[in-house]
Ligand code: IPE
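Read the single chain below, which is given as structure tokens and is the form predicted alone.
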């Protein structure tokens, strides 16, 4: 009898909200709204597939320089995203967050987003299905620098295992496939440590147009794992 395949880890760089809106003659904020709805749909689809972890690039450390009105709108959408607790519970999905810790220098996550994040994590903690991790106020270089500094301060020699143990969320497994939408064939500053060896799925579709069929195409790139 063939053993069931272990769940995989999919990471998404959700690019193209602005392009989606521009092509339709709409404000950029409308593109972000459509992108948030697309993410909700992908989370539902992922929960029904052999995906154990879905990590998405919600807001980078570089995004704070965007126009203030756009940033405010994106923040409101993230509050809404972290507020989808009933839907996550119905799918047996839990939510997590990675980014600059709230109490460390340089962190910019507003208190109302911090509160939404903490509540969502607590209210979905007992679910045993899909783990949705949202990277907010996140940059991979900052994560790697912090992890290395923590190892140095501990007095230990820097090793790959110790760097991994000091990432924002050490429990996140290596990524199996990275998705990048909107025709951009680059990775950006996202999970640079965790994606070593991952497949990469590039698509011309903007994020609001990304759907379950495209998700299946990305999953198809992953070679079958050997169950332990």
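Residue numbers count along the first chain shown, from 1. What you see is a predicted model, and the numbers here were worked out from it, not measured in a lab.
The next section is about a form of this same protein that is not shown, the form predicted in complex with the ligand.
Not one of 72, 80 and 110 places a heavy atom within 4.5 Å of the ligand in the predicted bound form. Among heavy atoms of residue 215, none comes within 4.5 Å of the ligand in the predicted bound form. The closest heavy atom approach of residue 66 to the ligand in the predicted bound form falls within 4.5 Å. Using a 4.5 angstroms threshold between heavy atoms, residue 203 stays clear of the ligand in the predicted bound form. The ligand is not drawn, but in the predicted bound form it has no heavy atom within 4.5 Å of residue 53.
Of the listed positions (28, 49, 199, 44), a single one reaches within 4.5 angstroms of the ligand by any non-hydrogen atom in the predicted bound form, namely 28. Contacts between stretch 47-70 and the ligand, counted in the predicted bound form as any heavy atom lying within 4.5 Å, involve 57, 58, 59, 60, 63, 66, 70, listed in sequence order.
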